[in-house]
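Take a look at this single chain, the form predicted alone, given in structure tokens.
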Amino acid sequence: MKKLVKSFLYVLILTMPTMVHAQNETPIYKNPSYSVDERVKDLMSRMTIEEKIGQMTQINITMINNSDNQKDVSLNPDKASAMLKKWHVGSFLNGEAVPAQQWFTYMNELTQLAMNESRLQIPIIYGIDHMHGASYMGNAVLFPQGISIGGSFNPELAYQEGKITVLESADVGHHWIFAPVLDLGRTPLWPRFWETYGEDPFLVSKMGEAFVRGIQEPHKEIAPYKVAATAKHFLGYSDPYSGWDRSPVDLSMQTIQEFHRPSFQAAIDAGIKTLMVNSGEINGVPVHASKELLTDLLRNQMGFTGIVVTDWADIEKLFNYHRVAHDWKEATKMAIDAGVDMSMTPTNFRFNEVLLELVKEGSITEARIDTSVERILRIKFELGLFEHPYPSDKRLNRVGSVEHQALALKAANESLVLLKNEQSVLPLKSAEIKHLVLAGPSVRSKSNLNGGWTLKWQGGEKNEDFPTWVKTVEEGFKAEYPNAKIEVFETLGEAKSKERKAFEKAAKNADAVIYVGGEKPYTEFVGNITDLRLDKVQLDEIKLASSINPKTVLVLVEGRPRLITDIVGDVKAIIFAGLPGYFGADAIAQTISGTNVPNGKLSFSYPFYPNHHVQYNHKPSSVYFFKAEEANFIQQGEKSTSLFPFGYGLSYTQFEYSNLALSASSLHRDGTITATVTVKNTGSVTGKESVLWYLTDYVGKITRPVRMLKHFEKIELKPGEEKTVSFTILPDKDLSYPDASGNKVLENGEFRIRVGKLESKFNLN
């Protein structure tokens, strides 16, 4: 026995230096030479259950500010310290637009405090709604909103928008961007319609994927920082049958798989790191409580491995709004069981309290908590937050740079859609114009050009809130027409009023009247409406202007297609400006003058009437095709289910499509067919054309849409120039569709391809 003890002591003495050294070594999770998985595993082994639950918690800025005001970006250290010590909060969110230096100071103080209060020095991750540029950063450059970017049919612009967003915000510590919106804009009443890229799943997929790359690529300009994007709102959120925000959705799994899944799948395939959940319900089940959608579909079928975060207070809403749970405790269990990783709480700690209770009583296992916390920590490691948790103010001079402004102007110019141009009223060349009348509610409003999520939640209120270099439409026209007399009437006044008489006199003598109408800013439930028609005052004013001056141009600054059927025949020219962003005024003026040749196309179908609307890719049905004469307007002689169809847009030049050819008349499942078409600019000015390719599957076991966009390419042609554009069709990718379970269906039979007004057919054998 003595011999055994002696041997043990001898071994202990020999190994003691190694043991002491091991204790003094840097922990694995703090050593970047180890893999992310190794670091996550090591850190998890050191954490208490309370610290883990803290990582699953996201708290609003108002809880740690000097006041409870959203725009108060000033830290209260005592509030924040107490919260971090007790609840171990892993994430904060929100704010409003303040100067970059103020954001830096705030984030630096918060990060220092969080690192000091964290026993294991786990960095926080800050989430923010930078929706069309760094929206909550003073003097940042804001791009057109989603519906307008979609209308550019140029994914490079979506990429640049994402990239500029992080160039202007990553340094101050905004490493989690709550964008892009990947919902489909298929219900025009829906108040978040304008946040989408449009109604088509392929278009939204391409734009969303490009934006994700713009946000998440390791740009050397922001090194050592990296940023996470957020796919939202998973899924079907945008198609409520009432049209109102956060109201019930009824969608078959076939429709979900075929239409609403693809854009999220494209983002997942592009490596998106986080995903935000739809606040509403689908088929009677709130999505935050749907294991079918958040685990079976999202995780198991779609392969998402990142963080699933709730939207605002949506676990709480399971019992006080949806009423599928009795209380906080049951609601929290439902959400965690469904697949939620992080709760945007955002203004209390009931989530933390009840989740801890659920773990201690065994209703939720610690292993389930570990799964979510591992996902959260993995992304913090991947973003380099453990090595670089603190912000920097060394490069803030690039916020609002002229290079970024030029890109935003390019995006605005490419997003505007010329819907009508009878008798070539447009362009109104600057050198030929002596007198213009500008009218309408958006002529002097910077807010209207930008919409919600601009400077703050419901958008900027006053022109003074915006950077000085952002123009109103009036200022844009004065810059574009420096030698013209420009008169402005925001309202036309009552009949026989002094204001009305002044307008009538000015309009009669002007070379043209530009009426800039549309909507004021809104988002979410604040934008719920009961009538899709443009308000009567504006419709009456447009009709009046047109009756006085035949050269009346209507510019629609709006986040959704407000109905104009009653007056569409009265005006000679119409431009859909959507929400064109900080350089919207410049783009509108430049497009009307001809400095910019319009090249946008509608990313949605513009409705005729409020009670009948179908998207372009509807299923075969007894659809009533409106007659052009009903609107006193001829639309290229085509039958249509819309006033202006998806993909519609005119130019100041003309493009002729010819020589559509297929490389074969049939193909096998493992083969390809290449379609080619010649596009020629037959007009007199250089212009850009988005070449849109559609496919139709004529026979399917599951009924097929009348046509689906499958490929697009934007080209620029000089007068007389022509180019051959091609589309290589891959059966597995382009000719298949999913069934309700997500299984790929590829059926033999006849297919047709359409580009421009040309069609051809081929067979899959």
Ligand code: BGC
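Small disclaimer: the values here were computed from a predicted structure and weren't measured. Numbers follow the displayed sequence, beginning with 1.
Although it is not shown, the form predicted in complex with the ligand is what the next lines describe.
Self-check item: Contact assignment for the ligand in the model of the complex, among D239, D311, E558, E414, heavy atom within 4.5 Å
Solution: Comparing distances to the ligand in the model of the complex, the residue within 4.5 Å is D311.
Quiz item: Among M344, M334, A506, L428, which has at least one heavy atom within 4.5 Å of the ligand in the model of the complex?
Solution: The residue from M344, M334, A506, L428 that makes the contact is M344.
Quiz item: Can you say which of 648-656, 482-490, 382-390, 91-99 gets within 4.5 Å of the ligand in the model of the complex, counting heavy atoms only?
Solution: Stretch 91-99 is the one.
Quiz item: Hey, in the model of the complex, is Y515 touching the ligand, heavy atoms inside 4.5 Å?
Solution: Y515: no contact with the ligand in the model of the complex.
Quiz item: Even though the ligand is not shown here, does W453 get within 4.5 Å of it in the model of the complex, heavy atoms only?
Solution: Taking the distances in the model of the complex, the answer for W453 is yes, it comes within 4.5 Å of the ligand.
Practice problem: Flag Y616 as yes or no: does it have a non-hydrogen atom within 4.5 angstroms of any non-hydrogen atom of the ligand in the model of the complex? | Solution: Although the ligand is absent here, Y616 would stay clear of it in the model of the complex, with no heavy atoms inside 4.5 Å.
Practice problem: Classify F178 as contacting or not contacting the ligand in the model of the complex by the rule of any non-hydrogen atom within 4.5 angstroms, answering yes or no. | Solution: It does: once the ligand is placed as it appears in the model of the complex, F178 has a heavy atom within 4.5 Å of it.
Quiz item: For the stretch 116-132, which residues lie within 4.5 Å of the ligand in the model of the complex by non-hydrogen atom distance?
Solution: Contacting residue: only D129.
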